[in-house]
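For reference, the chain that follows is the form predicted on its own, supplied as structure tokens.
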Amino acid sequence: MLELNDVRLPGASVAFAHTFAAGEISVVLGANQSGKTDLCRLIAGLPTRASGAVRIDGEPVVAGPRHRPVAMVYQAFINYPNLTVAENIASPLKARRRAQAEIAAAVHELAAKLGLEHLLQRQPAELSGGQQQRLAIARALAKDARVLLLDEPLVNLDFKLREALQTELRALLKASDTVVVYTTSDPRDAFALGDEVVLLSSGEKLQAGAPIAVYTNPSSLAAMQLLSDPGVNLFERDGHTHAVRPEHLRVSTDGELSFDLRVTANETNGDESFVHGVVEERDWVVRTRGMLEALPGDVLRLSARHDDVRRFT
């Protein structure tokens, strides 16, 4: 278990506390400059503008980064370029003076789990981007840390590889009793990987809980925006700001609420369509299945259910 208390991140006006459970993947979701990396650096004991108290399994953690039971994987593919894949994975074990037989067994076990067993004698420069990131994760796991920090580890990968690694990572990490903190700016990661999601904005914790619970019951407009891709659509009723997600709008006249959207653009990938337009002088996006035919200048009648709309003061 990882406990944080009195955490103050850059730009925040208030401190927060949070407990991360062992054996679960906690996705910390926030935009750029929200404090995600500073939070990871605080936990890892690295230089940071953040402050706060860190406890692991009930014990205060004050040691430097080399002596903490914490491993961190960064956005960039940070591997030792002059070492083979096998030597990279073995490096944390050698630093702890483990027996040669134990090191060899651990290297082959981790390489097999991460699909690197046929690459053990290659140099990092001979690997693809996805293989390099798997190697960085394997080396972090070799440290046998109680806490594994993954700071946007898939952000530099192409979409298909990112999806494949998401599935592999969840299966691998869920099999351990490690505290896993995974930071991202993509709400899809929260649903694909997270047992819980922690929402950060300007250094402050907005909300935390199971991803579907936070999605269904956002505590604020900022929380609702973070778990929306594209962002939510806003409109005014009775002096209050209301929000509805793009995926909760339908092109129909049958809903409990109706809106007229003047189309400005239409994007489709064959599976989904994203129709951009204007409603009540606000920019909106509609996300709908299939290929919707809509041209700039068209007016579409949209509908939504009351249950899918949130009111904010």
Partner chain sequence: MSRSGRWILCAYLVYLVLPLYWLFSMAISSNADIVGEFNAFPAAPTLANFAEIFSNPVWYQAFGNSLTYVFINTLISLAVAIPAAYAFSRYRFLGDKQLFFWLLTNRMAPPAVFLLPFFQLYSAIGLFDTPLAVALAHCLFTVPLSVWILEGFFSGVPTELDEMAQLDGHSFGYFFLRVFLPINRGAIGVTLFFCFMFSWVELLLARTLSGAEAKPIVVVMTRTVSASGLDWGVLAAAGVLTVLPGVLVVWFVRKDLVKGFALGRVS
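Because the structure is a prediction, the values reported are computed rather than measured. Positions refer to the first chain, counted from 1.
The protein also exists as the form predicted together with its partner chain; that form is not presented, and the subsequent description refers to it.
Only one of 40-48, 27-35, 276-284, 257-265 has heavy atoms within 4.5 Å of its partner chain in the model of the complex; I'd like to know which. So the stretch in question is 40-48.
Would you mind picking the one in Lys143, Arg98, Lys205, His242 that has a heavy atom within 4.5 Å of its partner chain in the model of the complex? When its partner chain is considered in the model of the complex, the option within 4.5 Å is Lys143.
Could you check which residue among Ser128, Thr84, Ser220, Ser91 gets a heavy atom within 4.5 Å of its partner chain in the model of the complex? Comparing distances to its partner chain in the model of the complex, the residue within 4.5 Å is Ser91.
May I ask you to check whether Arg134 falls inside a 4.5 Å heavy atom distance of its partner chain in the model of the complex? Looking in the model of the complex, residue contacts with its partner chain do not include Arg134, since no heavy atom lies within 4.5 Å.
Heavy atom of Met72 within 4.5 Å of its partner chain in the model of the complex: The answer is yes: Met72 has a heavy atom within 4.5 Å of its partner chain.
Hey, in the model of the complex, is Ser228 touching its partner chain, heavy atoms inside 4.5 Å? No, Ser228 is distant from the partner.
Even though its partner chain is not shown here, does Ala112 get within 4.5 Å of it in the model of the complex, heavy atoms only? No, Ala112 stays farther than 4.5 Å from its partner chain in the model of the complex.
Quick one: name the residues from 116-142 with any non-hydrogen atom within 4.5 angstroms of its partner chain in the model of the complex. The stretch 116-142, when checked against its partner chain in the model of the complex, contributes only Arg139 at the 4.5 Å heavy-atom cut-off.
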